[in-house]
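One chain comes next, on its own, written as structure tokens: the form predicted on its own.
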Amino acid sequence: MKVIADLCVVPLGIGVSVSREIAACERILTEAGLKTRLHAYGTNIEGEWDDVFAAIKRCHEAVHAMGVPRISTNIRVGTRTDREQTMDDKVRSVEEKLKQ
């Protein structure tokens, strides 16, 4: 099943900056072959359900291995059965309506 997910990984107990840990997650998602779009408070991910959630698990494992004692993650997930839809399709649909 195809899924579009919005992932926000929040490493806790390491200070204010978490960009090093987020970069590690971005590498994992890319290496998994998933389409991603980084944004200011997370990452949109597009791919097969099992692949997306396996990569999220690897993100947690990698961030813990970097010495982070605690991680809080927010995930929003969307699936469709009526047709395939990509992240680009969703954004394009809104942008077209903004032009009207």
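The model shown is predicted, which means the values in this text are computed figures rather than measured ones. Throughout, we count residues from 1 along the sequence that is shown.
FYI, the form predicted in complex with another copy of the chain isn't displayed, but the following is about it.
A.B. asks: So in the predicted bound form, is another copy of the chain close enough to E61 to count as touching (4.5 Å, heavy atoms)?
C.D. replies: Answer yes; at least one heavy atom of E61 falls within 4.5 Å of another copy of the chain in the predicted bound form.
A.B. asks: Answer with yes or no whether D50 is in contact with another copy of the chain in the predicted bound form, where contact means some heavy atom within 4.5 Å.
C.D. replies: Because a heavy atom of D50 falls inside 4.5 Å of another copy of the chain in the predicted bound form, the answer is yes.
A.B. asks: My question is simply whether D82 lines the interface with another copy of the chain in the predicted bound form - judged by any non-hydrogen atom within 4.5 Å.
C.D. replies: Although another copy of the chain is absent here, D82 would touch it in the predicted bound form, with heavy atoms inside 4.5 Å.
A.B. asks: In the predicted bound form, does L38 have a heavy atom within 4.5 Å of another copy of the chain?
C.D. replies: Yes, L38 is a contact residue.
A.B. asks: Only counting heavy atoms and a 4.5 Å limit, does any residue of 43-76 reach another copy of the chain in the predicted bound form, and if so which ones?
C.D. replies: Read in sequence order, the residues that approach another copy of the chain (within 4.5 Å, in the predicted bound form) are N44, W49, D50, F53, I56, K57, H60, E61, H64, V68, P69, R70, I71, S72, T73, N74, I75, R76.
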